[in-house]
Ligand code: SAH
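Next up: a single chain in structure tokens, the form predicted alone.
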């Protein structure tokens, strides 16, 4: 993870005064996630470059973040194999390495603080999972940057695998040092929805402070606020209100009213969750595991049932778990309620002792998001190793898609890897039941159409002790 900043301002060695970093010294900075190294690969009157190299220590990160999610919220206890790049780590490193320059201070040459200098910036890799090149240009070009992007392949040894979601980025602009650093600090993590720290109201202050003087007039200020605050509605709404001095408050309220009206149409999801809750209540279970819990919509309904003494939600997405925590008002809820629910990060395709010993596991509209070649791993994780007494599993019925004007090969969601017909689902579920000693029943969810079935289908597995 490398950031290089070059200037041809004369004398270019002024860059050392501005950034408070001596050109002849190699500096090492300790961070909570690893170390940052500051050095000058080239220095001269005509051209000077300073580099910030970031090295992540995953074990150290785990130790330092052990309590970051709060009691009962174990996100900080888990290190996954996500390919971390610049994102929020580099943002923290910039603030740590160049804090004096970001605050607009230069003791030896104060006249340089407000001087616009020609800068070239190179970032070895940035993520843009949603928006790609278009998003990167929308963020930087309105600020006067020339943007040069190179998309990186998944693996140089296997070019046939195609391109990745990562880019190397070159920027050019004539700008003050403080402006440059504030742009990088805000926009680098904006490109990536995953953050290595818990996003709370304190992040609003950081966004507004570092965005002072430019964010309010940026045409993408709403998207920047949303992505910087990982799409947490309550946070980015507050940020936008403060940025606009209340001018957009009415428009935002209109959007919320529209969303509320749209929810009335989401009857299938509501019906599905209601039906799953009914089955869980009927089972007499007390300890519930919600695999692929997402934003916590099922957990929210389960908390209303006093019979459930323990509810654990697991999802692979840190962002989704943050949304679940917000939906459940995790910080504000009564301590007795908080004791009943736990949110953990993990993968459905890796054996995990935390999943063992539950009465029931709910897997609601999840398996279709798995690659078919990973489905076997999921089967073993759930039915062989976790081995709950009952499993409630739902998935779309592909046959019903024609009722929505879709073709036979169309999928309902861009992230779906497959969708099964009723026979395909039945064959899979019966094979699972036979292999792992479960009995299975099938149920329809939603309005049924003759010869087509219902939009969603459920398999209820009971273990044969």
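Positions refer to the first chain, counted from 1. No experiment lies behind these values; they were computed from the predicted model shown.
Another form, the form predicted together with the named molecule, is not on view; read the next lines as being about it.
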Task: One residue of 127, 388, 211, 292 in contact with the named molecule, assessed in the predicted bound form (non-hydrogen atom, 4.5 angstroms) - done: 292
Open item on the list: By the heavy atom within 4.5 Å rule, which residue out of 112, 366, 175, 268 makes contact with the named molecule in the predicted bound form?
Closed with: 366
Open item on the list: What I'd like checked is whether 317, 320 and 347 together line the named molecule in the predicted bound form, meaning each has a non-hydrogen atom within 4.5 Å of it.
Closed with: yes
Task: Option from 347 to 355, 217 to 225, 103 to 111, 117 to 125 whose residues, in the predicted bound form, bring a heavy atom within 4.5 Å of the named molecule - done: 347 to 355
Open item on the list: Taking the named molecule as it sits in the predicted bound form, is residue 149 near enough to touch it, meaning that at least one heavy atom pair lies within 4.5 angstroms?
Closed with: no
Open item on the list: If we define contact as a non-hydrogen atom of the residue within 4.5 angstroms of the partner, is residue 303 a contact of the named molecule in the predicted bound form?
Closed with: no
Task: the named molecule contact at residue 370 in the predicted bound form, heavy atom, 4.5 Å - done: yes
- [ ] Note that the named molecule is not shown here; using its position in the predicted bound form, name the residues of 94 to 121 with a heavy atom within 4.5 Å of it, in sequence order.
- [x] none
